[in-house]
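For this one, two forms of the same chain are given in structure tokens, first as structure 1 and then as structure 2.
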Structure 1
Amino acid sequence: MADKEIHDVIMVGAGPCALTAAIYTTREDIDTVLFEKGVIGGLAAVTDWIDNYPGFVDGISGLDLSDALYKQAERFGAEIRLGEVTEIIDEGSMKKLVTTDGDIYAKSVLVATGSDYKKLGIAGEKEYYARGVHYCATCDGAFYRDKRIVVVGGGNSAVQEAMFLTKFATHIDLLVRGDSMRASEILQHELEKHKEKITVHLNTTTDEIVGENNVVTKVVGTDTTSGQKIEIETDGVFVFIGLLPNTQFLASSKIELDEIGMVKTDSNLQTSMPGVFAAGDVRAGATMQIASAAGEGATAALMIRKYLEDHERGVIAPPSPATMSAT
């Protein structure tokens, strides 16, 4: 393979998880290349303001945090390429990655492509993203202290996040498209305890998010039982209709995924393909927080270092199916 491009580790994605992992690997002289098909920093880079990342008393913009992580990883020698990995092929001690730059090889791989929030696809959603439209209550709920909020969704996450948001909001309108909630009975029972603050609107679609002067002012929907349009005044909209893990490129790799397409790993963050690791928001059981993604990146880097050391000694053991977990 003398004529092949080979690296110690290739990281797919360049969000906080992969950038943190790259800081660790490059500091130990592990040859590291990152591939990012979108924005360096991932979802964090397009988050307006991050108030809960440790070490920043007054918060930090998502773009500034991403830029700092990028510069730190680059300072230690990480190479970041703008391109897309379309397939990972197991060739034993080497993994072949099919990319938009051609085929390259790695002794180990970190999948850190993250997940994206499912979108409503309605007018106003994109225009007011991070300026009144949000997909993470833990990240952005505190901005809505003593304000009104609309929450869209009828599943477990929507109910859980709506109840969490009662810590801040004066009132929450929960818009559910169907004629019943999809959330578990236990959560629906818990929701009843918050009926003074949360109004549930069944059979209600979310059609448009309206604002003035770059501020969200109302949501326009439809009562599907009567066909009548409704308008709900609000200061912000939180959408919880599911996640879309960025794992489409793994479809032919035989790397084990869970029922929604997130990557299963063992306790060492190794996937069902030996030498391929996964961490951050793409991993089954992830908490979808920037701080925890960075922490998993550090852990993955340490596991990769151990794997490479074992690889050199010829003592590679495959991940145990018994330890593969979706949680």
Structure 2
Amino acid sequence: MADKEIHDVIMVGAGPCALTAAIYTTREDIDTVLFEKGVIGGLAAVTDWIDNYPGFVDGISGLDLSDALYKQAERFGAEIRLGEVTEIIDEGSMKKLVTTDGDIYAKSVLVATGSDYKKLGIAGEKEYYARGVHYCATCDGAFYRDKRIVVVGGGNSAVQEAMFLTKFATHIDLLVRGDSMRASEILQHELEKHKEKITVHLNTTTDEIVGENNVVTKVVGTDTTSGQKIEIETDGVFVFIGLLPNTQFLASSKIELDEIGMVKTDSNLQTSMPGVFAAGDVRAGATMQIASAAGEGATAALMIRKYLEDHERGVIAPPSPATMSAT
């Protein structure tokens, strides 16, 4: 029988959090493998422009930041595999990871799987996916040169993406369910500068995406203050209504999650499964920023180093339920 493949640490995901953690672990000669099922750089890579990551006076494009993090992690010897981890099994001092590349073992694991876009769950959404309904402006925006777009959502992502889409679209209708926007003051201020092109509709639900001959033609919604149905003609719909944590693959592991599926950790970022750590957007209490994901990645790497050292010496402290954070 072939020998088991064993590593000091396997990181699930290769977003800013895991890439930062990998810079730290590999610089300390900790043998590190990352698994990435989507894009190296995670959500940061699909963000057009990042203005609040420290060290870049004029901001940096998401793709450039991701590429720099990737190259820096690789320079110290991190190995990134393009594949998905589908299960983590606790075998005591060893964790077995079931992956699309086969089974692989690790002395410690970092779960840094971030989150994915929420869907609206309305008629027409599935039918017109990638043919008029989109979740990634940087990927698909270019198809809407000189066209009309509806953007759904009132948070930071929706506002940021709507402003990015003004590069292409003639007009954007931003549909916000609540009576105010959740986006930060600074983004709302920026949005004001685009009022010629972006019309904000507060108190407006998005109920149905309608098309003709395989192309999206309009969005049907409701003005919740009057109860009136409204119809907005459009060529495409971009949906940014929040995120869902990527933790479905942990369902069988008994790793403790909070009520919305985010991973609970103690103050050392260790989960309820000893030797498995979680950090970044997927962690209960995360602040959903690249700088904080990178910071948590660095902290997790240092905690993993300590865990591995203690492990070598045979001193293993289980995670303390008393300090598990849920918020």
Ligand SMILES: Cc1cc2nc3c(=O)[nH]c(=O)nc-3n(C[C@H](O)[C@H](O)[C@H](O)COP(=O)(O)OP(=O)(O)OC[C@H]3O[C@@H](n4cnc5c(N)ncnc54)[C@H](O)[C@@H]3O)c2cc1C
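What we label the rigid core is the largest C-alpha set whose atoms superpose within 1.5 Å from one form to the other. Along the sequence of structure 1, residues get numbers from 1 upward. Note that the coordinates shown come from a computational prediction; the quantities given were computed from them, not determined experimentally.
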Which one here is the form predicted together with the ligand?
-> 2
Two rigid parts, two forms: what's the rotation of the smaller one against the larger between structures 1 and 2, in °?
-> 57
With the two forms matched on the core, what distance in Å separates the two CA positions of Val152 between structures 1 and 2?
-> 5.7
For His189, CA displacement between structures 1 and 2 after the core is overlaid, in Å | 21.6
